[in-house]
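Single chain ahead, by itself, as structure tokens, in the form predicted alone.
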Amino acid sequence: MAAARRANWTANVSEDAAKAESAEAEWIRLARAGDRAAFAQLVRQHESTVLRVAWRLLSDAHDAQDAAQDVFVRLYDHLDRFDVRRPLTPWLYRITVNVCRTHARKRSRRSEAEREAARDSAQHQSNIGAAEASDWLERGLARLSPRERVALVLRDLEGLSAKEAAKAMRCAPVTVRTLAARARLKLKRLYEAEERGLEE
């Protein structure tokens, strides 16, 4: 009885996923033909994921919003090249990672004062990720190398498999696992150091 219920549930989930992919493919076809409403639907469907990943990679709401806009501009510009037989989400992860790298390089050229002003302003204007990211996690992510941070965000915070994260990062799955493990160890050490500091 339980096995039959489980089989029915799995079949329903697979059917729902197939319908969603079919609808997404249709929106892409319509958007390619110039249907703005169809493109807006694609943006609505993926906006929260792109913003969340960008925020976690950049730790700045204003920069995350700029990066997300760039991601969707790229989506619009490259719709004709996208294979509608494939799901859109993995491609968007890869583009988001690449766009955030570009934004991080640009940001590193800004002065520290400009960065602080932008961060303070954005925090007042936006609550992106506020429910998900603690101060501790934000501090921890800031101490990771860019590649460690991307691996940890995609694997542990976004829940991607090593293979899916590797596609987004354009590296081998073993590299993703190594980077994520190194990032976890650094976060663990930070947590332990802060705990010791509280006890003293």
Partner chain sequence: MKCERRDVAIAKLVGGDLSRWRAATLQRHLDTCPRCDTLRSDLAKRQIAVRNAERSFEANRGDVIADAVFARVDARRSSKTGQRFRRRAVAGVLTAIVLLAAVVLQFSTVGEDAPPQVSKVSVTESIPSAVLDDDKPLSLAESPRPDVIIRIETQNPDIVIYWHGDSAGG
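These figures come from a predicted structure and were not determined experimentally. Positions refer to the first chain, counted from 1.
Note that the form predicted in complex with its partner chain isn't included here; everything after this is about it.
Which of 142-150, 37-45, 164-172, 22-30 lines the interface with its partner chain in the predicted complex (heavy atom within 4.5 Å): Contact criterion met by 37-45 only.
Contact test in the predicted complex: F72 vs its partner chain, heavy atoms, 4.5 Å: Result yes; F72 sits at the interface with its partner chain in the predicted complex.
4.5 angstroms heavy atom contact with its partner chain in the predicted complex for A68: So A68 counts as contacting its partner chain.
Partner contact for D77 in the predicted complex: its partner chain, 4.5 angstroms, heavy atom: D77 belongs to the contact set for its partner chain.
Interface residues of 50-64 toward its partner chain, as seen in the predicted complex [heavy atoms, 4.5 Å]: L51, R52, W55, R56 sit within 4.5 Å of the partner.
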